[in-house]
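A lone chain, given as structure tokens: the form predicted on its own.
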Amino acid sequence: MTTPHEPKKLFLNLFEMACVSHITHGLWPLPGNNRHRFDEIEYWTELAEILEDGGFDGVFLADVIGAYDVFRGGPETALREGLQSPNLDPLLVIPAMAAVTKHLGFGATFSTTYEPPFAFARRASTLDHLTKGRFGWNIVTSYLPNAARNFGLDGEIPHDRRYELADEYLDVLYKLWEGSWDDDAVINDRERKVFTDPSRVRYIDHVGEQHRVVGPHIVHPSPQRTPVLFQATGSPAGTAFAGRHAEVVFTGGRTVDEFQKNAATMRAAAAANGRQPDDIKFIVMAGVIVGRTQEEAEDKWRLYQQNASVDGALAHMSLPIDLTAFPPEITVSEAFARAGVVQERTSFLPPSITVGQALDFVHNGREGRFHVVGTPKVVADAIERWLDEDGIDGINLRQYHSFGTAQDFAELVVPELRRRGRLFERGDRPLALRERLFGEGNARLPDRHFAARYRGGANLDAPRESLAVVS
């Protein structure tokens, strides 16, 4: 915990995805960029070593389970751009990175909507064991229409309904992770030839609207039991869900006030579920372009802007119309009207701006508050403002160049932040990811979290609604 005289620490993540073009489209062909190597195990081990040696706390792996095929009526633009397709399974690259590191944490995205909870519970516990407690799960419900069709549905399940289904999904997982095995179930008694005491393992016998899971969990308790629970959200349904479950939330806002309002709403949601407001940490995506001189940093930023792909950005946004096909002087609202499309999925584009302004906005990047270009001092000053004035807890570092972005930050920014006391020091004992976030000795979820109700096999047969709030 931070004392009144101790500077607030930054939790430092690198934002990654096992694909060519993640969120900075058009930049993968730049000289020295390694994005094309995403399907090589050496890419991931080299990156992990850079982050471990460079003082990063974690790497966060995004994922999708469908193609971006809304823009221009098909996946062709996304495929040409390498836009999150091809895309590898993020869970499978974590063991390779864990094998060459001792401190680096891992967060990976997995959807609650399409695959059974029992199978994921096993994978998550396996990763928590193999990483020695350094695994976190980014809970998503999946938003691409193509993802729904890949799993046999005609279209997307409505947004709020997906969160209702996710609630039961988490309930099953908590019963498996927290309630199925006692901490002392594995006794490893060589003399009696007993590895597990059967009296300390139990069925969960979950019967719900969507899932019937007997159990017991097929993996013994891992260092964290439940992995660190990440979530990216801003919607009312997502915020309510985060109040019940999330420990780390990726959120943002066009302004500081908007970010702080989002954070305050989520803290209130946590308190309404019997948790403490500070049980949730807030991480924002940040664009940091650093150079030894201001001119060097600005040269890098110009290079990235000049090579940024408008087509890639528009396809990533899943725009239902092609703005490049409309006259630049008409408004966005008029373009949608001419196309006969309701502008409801593109609220980030004000309807009153012109098409030309919108395309310029897309091309230059929706960088917002959490973006800085400059020397190590300029960057560190900005990060301190984000921590102290805006109230963030960490950043997901946006990559413009692999491995250049991470190397620049590690070489130039990390030493400056360390001088200012803004980064966590590494002790001799590697910590679990939850300890990195909430302090040493906090590897398990706190007792006030909903999942803790199932510890020791308690409440496994109780209706979920009867356990709504911790007393």
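As the structure is a computational prediction, the values presented were derived from the model and not from experiment. Residues carry their position along the shown sequence, with the first being 1.
Another form exists, predicted together with another copy of the chain; not displayed. Remarks below refer to it.
| task | Among 433 to 441, 407 to 415, 46 to 54, 61 to 69, mark the stretch whose residues have heavy atoms within 4.5 Å of another copy of the chain in the predicted bound form. | result | This holds for exactly one stretch, 61 to 69.
| field | Non-hydrogen atom contact Thr196 with another copy of the chain in the predicted bound form at 4.5 angstroms | value | Close contact exists here: in the predicted bound form, Thr196 approaches another copy of the chain to within 4.5 Å, heavy atoms only.
| query | Taking heavy atoms only, is His220 within 4.5 angstroms of another copy of the chain in the predicted bound form? | reply | Contact check for His220: yes, within 4.5 Å of another copy of the chain in the predicted bound form.
| request: Decide whether Arg420 counts as a contact residue for another copy of the chain in the predicted bound form under a heavy atom distance cut-off of 4.5 Å. | output: Because no heavy atom of Arg420 falls inside 4.5 Å of another copy of the chain in the predicted bound form, the answer is no.
| field | Proximity of Asp89 to another copy of the chain in the predicted bound form, heavy atoms at 4.5 Å | value | Yes - in the predicted bound form, heavy atoms of Asp89 and another copy of the chain come within 4.5 Å of each other.
| Does every residue of Lys261, Pro327 and Val372 put a non-hydrogen atom within 4.5 angstroms of another copy of the chain in the predicted bound form? | Not a single residue of the candidate spot has a heavy atom within 4.5 Å of another copy of the chain in the predicted bound form.
| message | Counting any non-hydrogen atom inside 4.5 Å, which residue from Trp301, Phe118, Phe361, Tyr143 sits next to another copy of the chain in the predicted bound form? | response | Filtering the options by heavy-atom distance leaves Phe118.
| Given that another copy of the chain is left out here, which of His129, Lys281, Arg267, His103 has a heavy atom within 4.5 Å of it in the predicted bound form? | The residue in contact is His129.
| Residues of stretch 146 to 176 in contact with another copy of the chain in the predicted bound form (4.5 Å, non-hydrogen atom) | Counting only heavy atoms within 4.5 Å of another copy of the chain in the predicted bound form, the contacting residues of 146 to 176 are Asn146, Arg149, Asn150, Phe151, Gly152, Leu153, Asp154.
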